[in-house]
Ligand SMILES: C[S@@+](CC[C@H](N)C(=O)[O-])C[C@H]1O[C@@H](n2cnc3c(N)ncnc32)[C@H](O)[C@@H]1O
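Taking the form predicted on its own, here's one chain by itself in structure tokens.
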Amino acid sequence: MGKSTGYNILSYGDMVNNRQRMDPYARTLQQAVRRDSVVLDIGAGTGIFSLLACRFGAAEVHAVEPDASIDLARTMAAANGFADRIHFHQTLSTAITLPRPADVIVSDLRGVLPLFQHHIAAIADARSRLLAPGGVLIPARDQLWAALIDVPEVYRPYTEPWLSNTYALDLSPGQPLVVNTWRKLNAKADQLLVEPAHWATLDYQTIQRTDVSGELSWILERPGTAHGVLVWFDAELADGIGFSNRPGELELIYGQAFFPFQAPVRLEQGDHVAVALSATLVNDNYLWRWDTRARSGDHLKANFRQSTFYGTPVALEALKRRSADFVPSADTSAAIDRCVLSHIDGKTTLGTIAETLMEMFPERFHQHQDALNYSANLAEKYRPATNG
């Protein structure tokens, strides 16, 4: 699994309550798990899939979750009588090994879309290292779809207050940033201007590449105003079992992803719209790009080039600091971190480390509690993975 998603407990409860998602997962687990099965639950959160795997008879379950929610998962395992069968790993799945390969690997590492942080890399790694030959991956694959959408109210924040506001201020420099920013949306089926087009297949049985790109094309069958592109996915958990977050289905926790156009485009029947959509993993997040061309015969109605790269203010100086030939220097914080890390030796207490910080950096730490909190946070960041 990639970085912790930082969900709160209420959000985990929303996931469990979302029957349109949970019921297909439960049916697929029940179908896949046998009495002697080893199950790996990646991104376990509070452990609902691990608990279900035990309920369905799994002999051994490994729940992997870097977030502190794993502590609640431990408690709930004990409350349900499964503490002896579930092994908890508070770390990333890429950092663990298993005494015996898993017969079933279950996960839901998606965000609004399956292209989320290191989801694909984590599944590819688990499939190659941790899954037994002939083992089952849940989900099996995701299909990604897109359509043009007419949503004037949703588009309003992309123009107001940037192009018009009640204070007679010129806020237009902000508008190029916001139109390069996508957002979660729960759209209605009648807001789609065109029939959905298939963008990509993420087949978790074989997938290796984290990046996805593809061309989308539509000819308008009815007039309307396109405010952007909506993207969603159909999940196939096993043959004949799955769910979809497409507009018109029962609402799921994921929603859909709305990629706005630089400006609304008025389209007539017969107009042609082509969108080149790509997602590239950079560090821990995806960089999205959507290039759009709209034509009415030979007349070019729109020619947009948009990317989330342009959605965040980035100073030229900041870009220079990331170049290969830049020579970095460090401030006092680096010296403080070095001091703390040099004392994390398995022998020195946090209290002693805090006292050392106060002696060496009195201008930074005036209270013992401040030094203790700083030391504890850094120690937590670099603590060894806990298994149990």
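Start at 1 with the first residue shown and count on from there. The structure displayed is predicted, hence computed values, not measured ones.
Just so it is clear, the following notes concern the form predicted together with the ligand, a form of the same protein that is not shown.
Taking the partner from elsewhere, residue 376 is found to have every heavy atom lying beyond 4.5 Å of the ligand in the predicted bound form. With a 4.5 Å cutoff on heavy atoms, residue 141 does not count as touching the ligand in the predicted bound form; it lies far away. Residue contact with the ligand in the predicted bound form: residue 64 places a heavy atom within 4.5 Å of it. Using a 4.5 angstroms limit between non-hydrogen atoms, residue 109 touches the ligand in the predicted bound form. Remark: of stretches 342-350, 329-337, 43-51, 358-366, the one touching the ligand in the predicted bound form is 43-51 (heavy atom within 4.5 Å). Scanning 73, 235, 122, 216 against the ligand in the predicted bound form with a 4.5 Å heavy atom cut-off leaves one residue, 122. This chain lacks the partner; the member of 92, 229, 202, 294 within 4.5 angstroms of the ligand in the predicted bound form by a non-hydrogen atom is 92.
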